[in-house]
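Okay, so here's just one chain, in structure tokens, the form predicted alone.
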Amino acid sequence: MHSFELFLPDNIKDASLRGGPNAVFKAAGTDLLDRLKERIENPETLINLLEFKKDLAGINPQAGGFDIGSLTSIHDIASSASLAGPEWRALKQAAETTATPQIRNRGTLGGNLLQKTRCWYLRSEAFKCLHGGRGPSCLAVDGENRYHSVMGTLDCMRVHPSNLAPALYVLGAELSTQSGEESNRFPIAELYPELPLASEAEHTLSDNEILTHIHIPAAVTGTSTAYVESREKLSFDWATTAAAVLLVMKGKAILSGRICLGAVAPNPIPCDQAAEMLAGQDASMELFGKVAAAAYAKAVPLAQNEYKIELGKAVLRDALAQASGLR
């Protein structure tokens, strides 16, 4: 690990002003520490944001929904009584499946949303990866690719690692950021690059922009959500496929729905056309099978990850069944 300056700011403005191409922000540091130890990231300055946990942590009811501070621990989300209802269940389920109890206690909501991909080519200094800016091509195309993307790719086969992001997508979340004295608020979809090229970072925040809050709007009557993921291990593992869903129901009838897939593409993947198939239909496993097939209709597997398509369909069917009450 290379030496660096540790900066302890007095306020968010000061923290932001110290940001730049040679600086990194640290919350819990779970993801950052791995990158520093592997020497794939060598900042001159490390800016500690945990100084602001008093201001940027907490789950606060707001206008029928919630404002959640970016430094809120994943454990606090998973154990929150305020998020216990079916309309918020997807977020709790996603938090409950994250890593291990130790990491959930330490890791933050903001860190989960902004972490780097877990691609082993990017994560190892020994490999000259295109996304890491050290090589001419994506090594996963012809290499070991069983955990890589099956859709939404251009020149990089990375998958997005956040399991909280798909849940926040279907909940219609917005994010607040601060850059110097300026603040900004935008839909979560804008947090991730529209074209996930290898040259693009996992998120769209600027070098001195700090994620401060996540806003979840009030739920429509009859809303039910669910999050399901597949993993090779029960603990301390990343998803191989994931799905978050939101259904607005009246009895057995589905009035509307939202679907977002995770762990199968460089970004979380909203499936609007597949979700439209739910509207006006009665919940059934036959319907959910058709919707899942539509969600993965454009999937193109690599040599070692074709399993993700059928597995992803099953995960999506399960999430829809949970949200609808069929399971």
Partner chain sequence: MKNEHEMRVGFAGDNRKIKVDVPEGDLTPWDLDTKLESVGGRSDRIDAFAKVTGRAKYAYDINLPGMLHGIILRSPHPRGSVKSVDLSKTLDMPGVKAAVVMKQGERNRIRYVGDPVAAIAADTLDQARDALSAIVAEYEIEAHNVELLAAEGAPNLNENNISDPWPVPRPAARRRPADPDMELEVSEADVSAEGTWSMEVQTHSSLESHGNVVWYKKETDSAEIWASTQATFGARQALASALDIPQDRVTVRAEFVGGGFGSKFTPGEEGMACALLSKQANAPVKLMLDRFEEHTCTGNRPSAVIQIRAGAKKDGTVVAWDTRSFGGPGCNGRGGSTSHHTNYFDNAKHRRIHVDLATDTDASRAMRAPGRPQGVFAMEGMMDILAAKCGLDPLAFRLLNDNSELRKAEWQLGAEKFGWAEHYNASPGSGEDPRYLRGAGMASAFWGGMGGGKHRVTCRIHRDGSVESRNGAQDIGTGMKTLMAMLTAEELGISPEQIRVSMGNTNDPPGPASGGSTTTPSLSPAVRHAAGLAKQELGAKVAERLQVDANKIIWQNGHIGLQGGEMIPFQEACKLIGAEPIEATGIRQANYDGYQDNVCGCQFAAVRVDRETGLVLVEKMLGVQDCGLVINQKLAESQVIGAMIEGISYVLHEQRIMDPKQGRMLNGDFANYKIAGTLDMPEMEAIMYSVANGKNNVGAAGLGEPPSTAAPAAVANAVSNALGLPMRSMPITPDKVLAALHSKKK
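Computed from a prediction, not measured in an experiment: that's the story for all the values here. Positions refer to the first chain, counted from 1.
The form predicted together with its partner chain is left out here; the points below concern that form.
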What is the one choice in 204, 124, 102, 199 with a heavy atom within 4.5 Å of its partner chain in the predicted bound form? 124
Note which of 75, 116, 231, 92 lies within 4.5 Å of its partner chain in the predicted bound form, where distance is taken over heavy atoms; exactly one does. 231
Do heavy atoms from each of 88, 227 and 276 fall within 4.5 Å of its partner chain in the predicted bound form? no
In the predicted bound form, does residue 310 have a heavy atom within 4.5 Å of its partner chain? yes
Residue contact check: residue 146 to its partner chain in the predicted bound form, 4.5 Å heavy atom: yes
Determine whether any heavy atom of residue 235 comes within 4.5 Å of a heavy atom of its partner chain in the predicted bound form, and answer yes or no. yes
Do residue 142 and its partner chain share at least one heavy atom pair within 4.5 Å in the predicted bound form? yes
Given a 4.5 Å cut-off on heavy atoms, tell me which of 215-223, 250-258, 124-132, 191-199 is the interface stretch with its partner chain in the predicted bound form. 124-132
Where, within 12-50, is there a heavy atom within 4.5 Å of its partner chain in the predicted bound form? Residue list please. 37, 38, 39
